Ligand code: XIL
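Next comes just one chain, in structure tokens: the form predicted on its own.
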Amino acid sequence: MIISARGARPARTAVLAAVAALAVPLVVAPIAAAPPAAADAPLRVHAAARGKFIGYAASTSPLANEAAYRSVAASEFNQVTAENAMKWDSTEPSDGNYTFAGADQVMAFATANNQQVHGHTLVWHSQTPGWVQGLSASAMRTAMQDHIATVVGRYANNAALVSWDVVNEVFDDNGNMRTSFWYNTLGSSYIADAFRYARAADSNARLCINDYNVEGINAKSTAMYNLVRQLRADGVPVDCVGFQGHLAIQYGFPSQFRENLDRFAALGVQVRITELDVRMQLPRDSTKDATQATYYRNVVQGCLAVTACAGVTIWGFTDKYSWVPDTFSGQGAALPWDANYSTKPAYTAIHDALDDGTSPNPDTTPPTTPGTPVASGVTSSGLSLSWTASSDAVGVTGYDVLRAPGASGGSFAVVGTPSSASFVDSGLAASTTYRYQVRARDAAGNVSSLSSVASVTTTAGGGGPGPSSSCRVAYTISPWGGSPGFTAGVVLTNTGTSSLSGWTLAFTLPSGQAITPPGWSATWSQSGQAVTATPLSWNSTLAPGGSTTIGFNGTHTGGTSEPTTFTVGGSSCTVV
């Protein structure tokens, strides 16, 4: 991301190569006044009536000091994202020294105006201080864990903060993993680790992955789709996907926008438009305004048509504080309010898309309480849950499944976010009791009461291969493309009934492959094609059901096939 003081990721990296360093002043041609929007209610009222949020990105200086800015922000929006105040360089500019003045300001304004807050962003290749970027692999992973635990943990008990962008912009425009300092140092496993750290810090917040140029169906959005599908299959708590929506009228509207939202929603995640703006080449004129208004209308209507789409956040709202002119030479006028806080046709388009003619009363009613979960198909390592579905005045968008260990005590944590009234839980320990509860969510962010607790005990197993049930390995490999390199990630899970201490993972790499030390989260060694990994102090003991993510970079001579057999302490692991 190229950053101005108002930074957000440009949508078209091809354009950035030609961007001049100097911003061009905003030039506005005389335009006939747009027809006034219906004055029956502001945007937030109509959005809530449709079970959605309509949000903005908050710039802290005018939020604190400018009455006109505060008035629009409070009256028109029911959701807010901190534009910069929650990013790493704002919250932890030096190692272990945290500052939350800007973030707390956004939280206070949102709470006072009954707005939900989306945290942005925890792990990103930009606006991360240099002291992080130069760390060794083990130190960088520790810094990431500490930062997430501290920042997310600060707001974990604040009802206003409902979601986080955990990882931001992990792909390049061709759909390859971005070669950021995160990826170059830690490999792709940093993504899963960040989500797990965030879930540990807040069991209730929705955890999102966010990127640009993924609004339509293309190579990049397909790479994102495949990543999210794999992460969720591996049990990584990815709850939602953010489509930034930095659009420009000269490039056309994204192809198959609605279909793209639908295919992600089918994975069981919430979807949302996170950073919407629609820039144009200056000066403005009525034709450009009309095209811009159509783009805004298309986005809002696309979200309204997808039940799992929670809402739309505009990246700012007034041209006075837009990041666009500072980044795209000769372009701007990207937002629904001009620099003098007058609304444009874009505002009317958003308003009218949200206003379906129904009563503009906000949806503040939570779904009914789901039925008590009922278990079926119980085995030594997994089970299926189902429950009586909730009902809602607008529509239930999904459920949270919470699990706690043991017959009593132990904390409940979210282990799944299915869109229907069923869930399959896997990777459990044999002969172990687990407790489950379920709650429902609707598109307006209302959450039901928790269901009654169901207690389930897994079977003792037997008849199986014995040692193979004590560990499970998920191995993923990501070729670098254009060079004989790859990144491999390994999730090792203890599926036994007792702690796994001082483990040694062993496997054989296919011919022609070799690790490139040092790897991360383990001590790696290779003899011939035989590879071993031993733990570090912080992950040397895995409790029953616990897991650790380790990995390495490697080289190959013509192929990136995967190992087929893994052992821990000489006993075979299940491979998924």
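Residues carry their position along the shown sequence, with the first being 1. Given the structure is predicted, the values throughout are model-derived calculations rather than measurements.
One more form of this protein, predicted in complex with this ligand, exists but is not displayed; see below.
Heavy atoms within 4.5 Å of this ligand in the predicted bound form map, among the stretches 100-108, 263-271, 119-127, 449-457, onto 119-127 alone.
Heavy atoms of S390 never reach within 4.5 Å of this ligand in the predicted bound form, leaving it off the interface. Mapping the unseen interface onto this chain, F257 falls outside it, with no heavy atom inside 4.5 Å of this ligand in the predicted bound form. In the predicted bound form, K87 approaches this ligand with a heavy atom inside 4.5 Å. Though the partner is left out of this view, E215 does not reach within 4.5 Å of this ligand in the predicted bound form, counting heavy atoms only. Checked against this ligand in the predicted bound form, the candidates W164, F243, W323, Y399 yield a single residue with a heavy atom inside 4.5 Å, and that residue is W323. In summary, among the residues E275, E76, D193, D442, the only one with a non-hydrogen atom within 4.5 Å of this ligand in the predicted bound form is E275. Scanning 196-210 for heavy atoms within 4.5 Å of this ligand in the predicted bound form gives just one residue, N210.
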